[in-house]
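In the block that follows, a single chain appears as structure tokens, in the form predicted alone.
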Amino acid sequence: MVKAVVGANWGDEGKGKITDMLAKQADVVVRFQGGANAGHTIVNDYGKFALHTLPSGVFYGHTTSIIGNGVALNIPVLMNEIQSIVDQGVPMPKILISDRAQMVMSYHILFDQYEEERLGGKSFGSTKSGIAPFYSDKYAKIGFQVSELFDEELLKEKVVRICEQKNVLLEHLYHKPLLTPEGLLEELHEYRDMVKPYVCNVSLYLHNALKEGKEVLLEGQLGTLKDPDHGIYPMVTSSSTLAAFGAIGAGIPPYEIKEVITVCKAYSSAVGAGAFVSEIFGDEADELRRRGGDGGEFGATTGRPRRMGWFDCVASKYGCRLQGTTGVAFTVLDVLGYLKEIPVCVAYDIDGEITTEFPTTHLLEKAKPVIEKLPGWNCDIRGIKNYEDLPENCRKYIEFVEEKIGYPITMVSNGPGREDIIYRNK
């Protein structure tokens, strides 16, 4: 059976914790898209971790962790990450890397930096991890697939071709140092040696695992609103963030995905540029940012302060619909315990028209939030294990959100730890 864990909003919803928790029952955990440009923060018995490429199931001895073909694979980052968790006392995880995954090259990272520099004030708020140049090359069919590392003749010919193409841009658009075929070949040889022990025909491995009745967990990166087709284009990522893409990015049939757990924060946060209707500013935002998450709302990869806002029912309903949500995991609810009343964005006002449907970007830029305020519960809810034991106003907040988004909230996270979770039988 396959379950997908994906984000409803801008990313940073707490997917890592939910995957880490669900991995206890899983045999295989697969990262199916994205690269090291976003991170999942996880707190468990081994300590606190920010994972960027490794699936969030690596902390269990019984799981196999897979880097799927849809991932933008930065090999040195992955190797450093494996080393860093082992250094913190985590047993060496069993890792497989798809032979069809493609690699983030050092020049992808440079091009990302150069382009953001060139765009200046009109930049996309990239994490400068090479993701957009990587996916551009993948779809322009000039990327390097892991399987190609083992074909020396192909590599020797291809590095020359790549240099010819990239150097035109480096010389005439960016005015930066040029690439050499020798330098690229050396980089590719290093990657080959690093990755060799892990390479696998992942889609065949998963096919056999499913035939044997194994539990497979697909882990998405970012959330619906960062999807290049259905998100706040152009302020999006470069790979599909939807559960449906999990089938493609892992190499399994779409009908195998039986559950889609969509992770939704009890308030909103976003890293990077783009429309964000329920955004708050100043002291109000600082207070929520400081109290948020575990140690505050700062990007797990970049350390950037996240933009803060109140819960957005319009964006979240849309996010859950596009994911094909079977159940919502509602996270960081404990953070809101300091508020006497809690604002919620229940609709958008666009040029005087009230809507509860999420619009395309040019209309989204004009949208103003329609806010409703709910009474707070004004106490700490960490440590509570049963839904009925939550304060009445806290339950009312959950049920209000559930009604507005139209999808069942089946899990409530009330703290950063693995055990800080309340299951609701819906």
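Each residue number is its position in the shown sequence, starting from 1. Treat the numbers as computed from the prediction; the structure is a model and nothing was measured.
Omitted here: the form predicted in complex with ligand GDP. The next part is about that form.
Here the chain stands alone, but in the model of the complex its contact with ligand GDP, taken as any heavy atom within 4.5 Å, falls in 325 to 333 among 325 to 333, 206 to 214, 229 to 237, 340 to 348. Interface membership of Thr41, defined by any non-hydrogen atom within 4.5 Å of ligand GDP in the model of the complex, is confirmed. Using a 4.5 angstroms limit between non-hydrogen atoms, Arg382 touches ligand GDP in the model of the complex. The closest heavy atom approach of Asn414 to ligand GDP in the model of the complex falls within 4.5 Å. For His108, no non-hydrogen atom is located within 4.5 Å of ligand GDP in the model of the complex, even though that partner is not displayed. Residues Asp12, Glu13, Gly14, Lys15, Gly16, Lys17, Gly39, His40 are the members of 5 to 40 with a non-hydrogen atom no more than 4.5 angstroms from ligand GDP in the model of the complex.
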